[in-house]
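Next up: just one chain, as structure tokens, the form predicted on its own.
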């Protein structure tokens, strides 16, 4: 355990009484890299346990403030798109870990340098209702950092997810379903892509989220007709006549379209 994680643990133990009992935050943090949609997961120490980045809610803060705090702690980013999508309150969600998972969790707790192990266990093993948030971030700008339970925080391809703790698989599925429903009203490209990109890059983002192929010419025609892209110099590839143009978002026009209630359909 690093010195920073030891400080996190000490602070957590000292402030347990300042958390709202029975409520937690779980964040589905999505990024886009190498034409694949990726999710940020926490790999637990001393165990083959993976989970969503999450945390607890201080009595003095709102749910949204708690989610932003957790996101900044895990990604290093302070200004990102965030949306609450569902609250998970099944009575059985706390007993969801399989027997092997439960054993690994207990082994991890035993290895933590706790000042008051009984108090820690009483808190961490109580029933929690969790509120899910999904966040869209620029992959290249993040600095993934684990909490005191984690060995590492790592980007994982959505098509290659490991076995997850408790109901976190269901939380991810619900987040993606909600993202697809709201896709035409969310700043997906603005949040996931770098400042300059090709039309094909933008199409690949939508295909990764929708999990289906889109007609290239139709997509390009629709996107350019909407008028929220600025065209820049070509992306040089060695074949000037085939080099694609680079684009950036006209943020004002893009956001006005998304908030107009009209949206746009892919």
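Note that this is a predicted model, so its numbers are computed, not measured. Residue numbers count along the first chain shown, from 1.
What comes next is about the form predicted in complex with a further copy of the same chain, which does not appear here.
For this session: Considering only heavy atoms, tell me if residue 207 and a further copy of the same chain come within 4.5 Å of each other in the model of the complex.
Result: It does not: once a further copy of the same chain is placed as it appears in the model of the complex, residue 207 has no heavy atom within 4.5 Å of it.
For this session: Tell me, yes or no, whether residue 155 is in contact with a further copy of the same chain in the model of the complex, where a contact means a heavy atom of each within 4.5 Å.
Result: Outside the cut-off, so no.
Exercise. Hey, in the model of the complex, is residue 211 touching a further copy of the same chain, heavy atoms inside 4.5 Å?
Worked result: Output for residue 211 is no: heavy atoms all beyond 4.5 Å of a further copy of the same chain.
Exercise. Taking heavy atoms only, is residue 117 within 4.5 angstroms of a further copy of the same chain in the model of the complex?
Worked result: Residue 117: no contact with a further copy of the same chain in the model of the complex.
For this session: Tell me, out of 151, 73, 169, 90, which residue has a non-hydrogen atom within 4.5 angstroms of a further copy of the same chain in the model of the complex.
Result: If I apply the 4.5 Å criterion carefully, the residue I get is 90.
For this session: Among 109-117, 142-150, 128-136, 186-194, mark the stretch whose residues have heavy atoms within 4.5 Å of a further copy of the same chain in the model of the complex.
Result: Contact-bearing stretch, as computed: 128-136.
Exercise. Since the partner is left out here, which residues of 38-67 would have a heavy atom within 4.5 Å of a further copy of the same chain in the model of the complex?
Worked result: Contacting residues: 57, 58, 59, 60, 61, 62, 63.
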